[in-house]
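Just the one chain here, the form predicted on its own, laid out as structure tokens.
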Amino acid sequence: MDSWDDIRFFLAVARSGSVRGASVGLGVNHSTVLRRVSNLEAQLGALLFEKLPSGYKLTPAGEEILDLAISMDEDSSLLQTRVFARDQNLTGPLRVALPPSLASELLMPDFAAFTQLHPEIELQIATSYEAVNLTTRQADLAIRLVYDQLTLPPHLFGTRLQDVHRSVYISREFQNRILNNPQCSARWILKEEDGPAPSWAANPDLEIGGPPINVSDMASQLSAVRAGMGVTILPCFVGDLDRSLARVAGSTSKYYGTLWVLTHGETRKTKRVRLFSEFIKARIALYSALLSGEAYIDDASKGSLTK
């Protein structure tokens, strides 16, 4: 074979079932994926995929080499990880994966502090609500909101940090409008992936009227509630820090998940990974009350949030 790297492109299409999904996952364009898969097919002298309306399906030849290709990919990742783990310098790249809201609404000032302390480290911040694969070094360290500890991959090394709670929020302007007009009702603002509002969020003092407003992401959810379009459920570290929002009167906070710092067995030996891990764990510990919803002050005139 002229290029073992073509295997990565084959696996990306096999795993995603589409050229588009593979191109997004690999960070290349559509034509590059097609070209590299075609190269592999030419080298092997066999057609590896059948193009169907529903996506790309492995042919018998593709099925036959899939396990071997996965094994090659895992061996390649292990080689890279072990070489990376030998690097004990406080220079070079450090890729950290975490949910977008955690980065933008809470931890970005802490990342800034880390880069000031260690300017030779190239901090790469990868935000996504999808879990990254630490084994294949999609990231060196992940800060993950875990809903069920049993879902954590057993081969990863993790530290359990703080519990995260959420509550029901409304814009202060919309809240005043409701107080001044008893006929005014609110609507739920819901993320599509979350489904209907949970029973714990129901409030007998708040009249809900009309169909919900559905959004696809938290950024739109935040914009909608700030604009006074209704009420919504947010993590306390997001809603309580936003002074344009207030918790709906009588609302409680509810456990949402737990923050974990995760690393791979080999990667965690690297000095800059260990350094960042200890740094961010200490910073997150300072936000314990905020994350658990215990830092909220109902009356904004009494002062700002404590941490």
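Keep in mind that what you see is a predicted model, and the values were worked out from it rather than measured. Numbering starts at 1 and runs along the sequence shown.
As for the form predicted in complex with the DNA, it is not shown, yet the points below apply to it.
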Could you tell me which one of 28, 249, 46, 68 places a heavy atom within 4.5 Å of the DNA in the predicted complex? 28
Can residue 32 be called a contact residue for the DNA in the predicted complex at 4.5 Å between heavy atoms? yes
Give a yes or no for residue 20: in the predicted complex, does one of its heavy atoms lie within 4.5 Å of a heavy atom belonging to the DNA? yes
So, in the predicted complex, is residue 51 in contact with the DNA at a 4.5 angstroms heavy atom limit? yes
May I ask you to check whether residue 55 falls inside a 4.5 Å heavy atom distance of the DNA in the predicted complex? yes
Name the stretch, out of 55-63, 234-242, 272-280, 249-257, where some heavy atom lies within 4.5 Å of the DNA in the predicted complex. 55-63
